[in-house]
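Structure 1 and structure 2 below are the same protein chain in two forms, each given by itself as structure tokens.
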Structure 1
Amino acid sequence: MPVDPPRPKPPPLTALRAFEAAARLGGFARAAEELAVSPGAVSQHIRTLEDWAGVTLFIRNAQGVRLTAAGARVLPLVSEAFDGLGQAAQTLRAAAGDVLSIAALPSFAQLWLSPRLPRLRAALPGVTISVTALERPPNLLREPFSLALFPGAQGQYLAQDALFPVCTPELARRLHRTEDLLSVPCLGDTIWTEDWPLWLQRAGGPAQVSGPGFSLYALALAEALNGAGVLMGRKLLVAPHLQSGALVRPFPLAVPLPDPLRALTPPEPLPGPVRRLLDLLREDL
């Protein structure tokens, strides 16, 4: 006849996760986005946790939230614990060995990785490869990706990228000097707003050019193929169309990008299929 009814309740795990995300990202709205729930849900979670602990975790005001001292004190502990949990979960999933999920920028997923997928799938029979497009590199300590392909300073080097304008051969005939760019639409990705200014600066052309922005690089590329304008091309993404002749380079200058494409991996040890995939990606370039 054990006596336990009045046992103190364990901490609410989901509320802790919401707290961790909100504290780390510095806002309920951002936490809600990361957790793929509505901001109201995060708000409720935080309140649940505050009630459980009997402590105020955040100072709220109209501009956002700020951690209290108590909140700041436990944040590193909670973050570390969730990192550990995430790693454990991944180790678990990796043990299955037959599912492989790759994260990449939408543009790289569609224009660089996608063409290579058939060969990768053929080289890894029995392995299901799924691709997720993300705007930002995921935290591989937490999120269950086997591999993340992003331009950046961290990870295993995969390929150098470079910047140069591209357009249809017809349009190219009208472009002789960089100043001619002022007379045609200059296409680009809204996320890479610095690409045009960067190239123009090195090319010694006009300080800036005008043209429509696209939220997806693939859309801008499609427009360029339509002859709708000059696209600031990224070598790795437009290579197939240069090869086929659908696009040409009206100006020879190529500006190397500081951040090469790199592969981020979860902590060692990597499962066999992931290691093989990495090798394939590296030798292909």
Structure 2
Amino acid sequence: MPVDPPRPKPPPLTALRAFEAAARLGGFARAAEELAVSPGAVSQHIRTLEDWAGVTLFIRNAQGVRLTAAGARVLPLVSEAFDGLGQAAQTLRAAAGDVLSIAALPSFAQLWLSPRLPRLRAALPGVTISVTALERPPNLLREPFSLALFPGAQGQYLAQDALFPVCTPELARRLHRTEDLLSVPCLGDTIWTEDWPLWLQRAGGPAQVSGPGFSLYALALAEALNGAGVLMGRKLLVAPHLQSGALVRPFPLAVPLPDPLRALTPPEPLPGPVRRLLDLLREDL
């Protein structure tokens, strides 16, 4: 009679993913943030994997966690496996050829990319373009994005950005010297807290200015358009309003930002629609 004994269970995929994220990022909380679960769930998944393997993967103490020798030995293999799965998913999505998923910093998604979408759609008939706003660049080996647009040191160069104050023409008539900024609200983004100090240092004006901060750059820009104050403008984000005359530059100094806008892409070869999208973005600069 045929023999069909029970076979050993494979390692749980979700537990392997939790282990890889925690080991790569150096902690359960950071892994939980990446995986969109709770730290407790990450801890439980790793316990499940340790029980399955019969080996301890992390040393846990009050200061956090660190890999055991066994965990460190297996991490490169697990990371390579998940990278391979990610590339396989990218290949499958690219085979369809009719969907482009773009990730971008929220301010660039709303103020830089969104105005360009009509032209991109017209130039890519039959292709659906979706946009996801993210605070940090995605891992394109793992996450199914066709392209990511972020300021930084990595990726294909798109455009150099620069800092300079902007405001309505009416408000600009009150500003003759950088010291005049002390008498008006100076608007800024609560993430880009160094923008005003960087420009002021180069301008030789007051050491600091004051005014409300906004968690979204688009909100700060809207307030500048309302005449509520002077915004520390980023060239790529305020350019349309300068062209229309709704905003002006009260001072000529522009301070280049160290990180240009770049396009991050999955590993080559890039699908044709992604290459065409990159060309269109460059042509529009």
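Only the largest set of C-alpha atoms that superpose within 1.5 Å between the two forms is called the rigid core. Quick caveat, the model's predicted, so the values are computed rather than measured. Numbers given to residues start at 1 and step along the sequence of structure 1.
Colleague: Only one of the two shown forms is the form predicted in complex with the DNA, so please name it by number.
Modeller: Note: form predicted in complex with the DNA is structure 1; the other is not.
Colleague: Does R276 count as moved between the two structures, where moved means a C-alpha shift of 2 angstroms or more after fitting the rigid core?
Modeller: Where the cores coincide, R276 shows only a C-alpha shift between the two structures that is less than 2 Å.
Colleague: Aligning on the rigid core, do we see the C-alpha of P252 shift 2 angstroms or more between the two structures?
Modeller: False for P252: its C-alpha shift is below 2 Å.
Colleague: With both forms fitted on the core, give yes or no for whether the Cα of Y217 moves by 2 angstroms or more between the two structures.
Modeller: No, Y217 moves less than 2 Å.
Colleague: Taking the rigid core as fixed, quantify in angstrom how much the C-alpha of V65 shifts between the two structures.
Modeller: Its C-alpha position differs by 3.9 Å.
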